[in-house]
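Read the single chain below, which is given as structure tokens and is the form predicted on its own.
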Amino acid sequence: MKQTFALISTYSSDQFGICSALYELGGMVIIHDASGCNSTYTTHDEPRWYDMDSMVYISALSRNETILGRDSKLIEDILDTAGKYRPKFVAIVGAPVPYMIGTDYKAIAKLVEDKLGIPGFGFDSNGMQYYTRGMRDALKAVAERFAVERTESGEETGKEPIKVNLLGVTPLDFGMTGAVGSLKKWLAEHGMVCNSCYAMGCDIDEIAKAGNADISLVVSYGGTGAAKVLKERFGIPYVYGIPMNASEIAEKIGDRGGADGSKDIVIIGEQVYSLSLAEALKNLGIKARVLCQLDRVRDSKVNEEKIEFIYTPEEDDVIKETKEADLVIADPLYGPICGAGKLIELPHMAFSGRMFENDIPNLIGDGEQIYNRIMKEVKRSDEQKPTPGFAGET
């Protein structure tokens, strides 16, 4: 049966992708739904909840409010709470019930913004899409609103490191493994520096500096919206990919007799992450193909190594593709589909929540091909810039 999952879990929803993307930015996020959605998010999808404060609330939509559409109560509650805690912005996040009655989140956000004098965001999420879409919309919105005009740092000496925006970093794809620190370390080792990180270890001031970057590195689908905004507004090019050290996964493949290329290996997960892992394995002489149920980037640059990529939106599609595979690299909850004998476990927080949180590896490292792509795009961008003193000359 289409759009029904009987054997495996489902990925985190668009609501929680928004919450995860905005968690560290100092705003107030309101999930407009009955009590329960907030605890689902914080219990399963948000590992920062117990160690880092954030203003994530539920509107506690009642039956009468659902029937009568009492937006006035929601607005009053937001104004009262924001008046007490002074957030840097307010974000209203949609859910299934208010979506069905046609709640106008953007109108409510505009009214709240006018009343409070701080930015307001209204997201038409409905709990029926994947976290990737919610994350994309949230990071795109903050880039549009907070990324200020590009500022010049003074006279160029030719020795400044390349400034890189890391776009699409949240625990839903990377867990709490120290991936942000590893990404920044990788940049430093290759003569680059992190300009902003959307949106872990980041605040609004860092978001605002995104226009000063030389290039953006999109490390998940969630970063695509912000990348396009920064490209259109400031001319900042972007590349896709995650620098990965796949030796740990390759060792597990070798233990199953798959290091010689004789086995059909599939990776299941988020598109950019999975393709980056497949590319890193390819560099070690191991061929793997990628299956993805989530939103996907329709851009040839996301798969420059020509890894076999198959969109598998339904559980039946995944079953069909994994049936013929010899090994499957995926979250442990894919076990009922592919069988424990085939599975090489790679936990994904957006799929299994915090069940296997301590087993999520930090694979950041190596990535020479990612570095080469960055340098290629930076050089191309520099060549396309107008030469000072020549514009308009006859």
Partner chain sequence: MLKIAVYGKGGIGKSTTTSNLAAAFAKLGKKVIQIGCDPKADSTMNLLKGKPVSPVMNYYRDNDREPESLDEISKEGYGGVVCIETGGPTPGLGCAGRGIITTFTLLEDLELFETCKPDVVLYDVLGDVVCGGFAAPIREGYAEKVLIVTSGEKMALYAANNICTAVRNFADRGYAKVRGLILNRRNVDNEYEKVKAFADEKGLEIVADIPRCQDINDWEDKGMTVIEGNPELPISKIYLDLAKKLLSEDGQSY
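In this text, all values refer to a predicted model and were calculated from it rather than measured experimentally. Numbering follows the first chain given and starts at 1.
Only in words, not in the display: the form predicted together with the partner chain, which the text now covers.
- Comparing 209-217, 105-113, 193-201, 230-238 against the partner chain in the predicted complex, the single stretch with non-hydrogen atoms within 4.5 angstroms of it is 105-113.
- Proximity of residue 310 to the partner chain in the predicted complex: non-hydrogen atoms within 4.5 Å are absent; the residue sits far from the partner.
- In the predicted complex, no heavy atom of residue 146 sits within 4.5 Å of the partner chain.
- Among heavy atoms of residue 100, some come within 4.5 Å of the partner chain in the predicted complex.
- Contact check for residue 321: no non-hydrogen atom falls within 4.5 Å of the partner chain in the predicted complex.
- The single contact residue among 71, 304, 264, 316, judged by any heavy atom lying within 4.5 Å of the partner chain in the predicted complex, is 71.
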